[in-house]
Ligand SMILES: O=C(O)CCC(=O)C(=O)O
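Okay, so here's just one chain, in structure tokens, the form predicted on its own.
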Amino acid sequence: MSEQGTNDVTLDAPSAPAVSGASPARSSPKPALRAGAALPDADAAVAAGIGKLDSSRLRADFGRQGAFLHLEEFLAPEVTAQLVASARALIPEINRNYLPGHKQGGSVSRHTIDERAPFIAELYRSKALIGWLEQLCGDKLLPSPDSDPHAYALYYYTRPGDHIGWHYDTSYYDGRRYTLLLGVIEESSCRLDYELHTRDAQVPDEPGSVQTTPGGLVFFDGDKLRHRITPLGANEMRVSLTFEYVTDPGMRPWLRFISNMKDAIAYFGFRQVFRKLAPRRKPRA
């Protein structure tokens, strides 16, 4: 899930991929790409995988579950391997945070990813991926603004007790914000616990719990899903990648300020959040 909040691949997908419920722990695939090897074509790999899915059934599942979908397998192995390699290479860039009673863990923002792991940005902008997500949710999806550090970000659980408490990924944008969570490294006992329909008085709440396996996905409307990540155990590691898409990129100035302060304090640090907002100085003659 997006490891944020206001209180906070395999192409050979099974014919009936799991939609919800517990899934067994799975060790992360080892990076398969050698230094200098060609990167996989993210858009082509996603398009090939989507062609093997029953998208009509998955759209029905997404609606029935109150704008929530979980697939244990989605990304092609070569794409997952590249994400694992990128996540491990970016470990020195982690910005760690601790909010007593709510969260502790590490994050790497889209600004660092743009500089060090551009393949992730390519995957984020995949036309095949965005088009498929639009089929699931029924909305026209747009990339988050360039200034948004959460547009695509890596979230690291590397120390015992790393977690995030119950929260919604409330949108500060004028429109809705959808979160796509991709499992990257799963060498932990952490669970993604969630509750469906909590904001629909006509439908009983429905609890669930999954483990975010490498190459798997969770897709949901951030304003509707109450969720948490349970604490990391000793000698464990968990890394997830989230993509945020919006239906309207507009944001009121005072909400932008709140969003920026939250991101700076709880996730990426002031330098990462505000460096893209400050005007560049002209070079001296």
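Since we're looking at a predicted model, the values are computed, not measured. For every residue, the number given is its place in the sequence shown, counted from 1.
What comes next is about the form predicted in complex with this ligand, which is not displayed.
Asks: Given this ligand superposed in from its position in the predicted complex using nearby C-alphas, should this pocket be scored open or blocked (3 or more ligand atoms within 2.4 Å of backbone or C-beta)?
Replies: Blocked, going by where this ligand lands after superposition on the site C-alphas.
Asks: When you measure heavy atoms, are Ser144, Tyr172 and Met251 every one within 4.5 angstroms of this ligand in the predicted complex?
Replies: Judged in the predicted complex, none of Ser144, Tyr172 and Met251 sits within 4.5 Å of this ligand.
Asks: Choose one stretch from 202 to 210, 79 to 87, 114 to 122, 157 to 165: the one whose residues place a heavy atom within 4.5 angstroms of this ligand in the predicted complex.
Replies: Selected stretch: 157 to 165.
Asks: Using a 4.5 Å cut on heavy atoms, which of Val246, Ala67, Ile229, Val46 is close to this ligand in the predicted complex?
Replies: Here the answer is residue option Ile229.
Asks: Which residue, Leu181, Leu71, Ile185, Leu129, has a heavy atom that falls within 4.5 Å of this ligand in the predicted complex?
Replies: Result of the distance check: Leu181.
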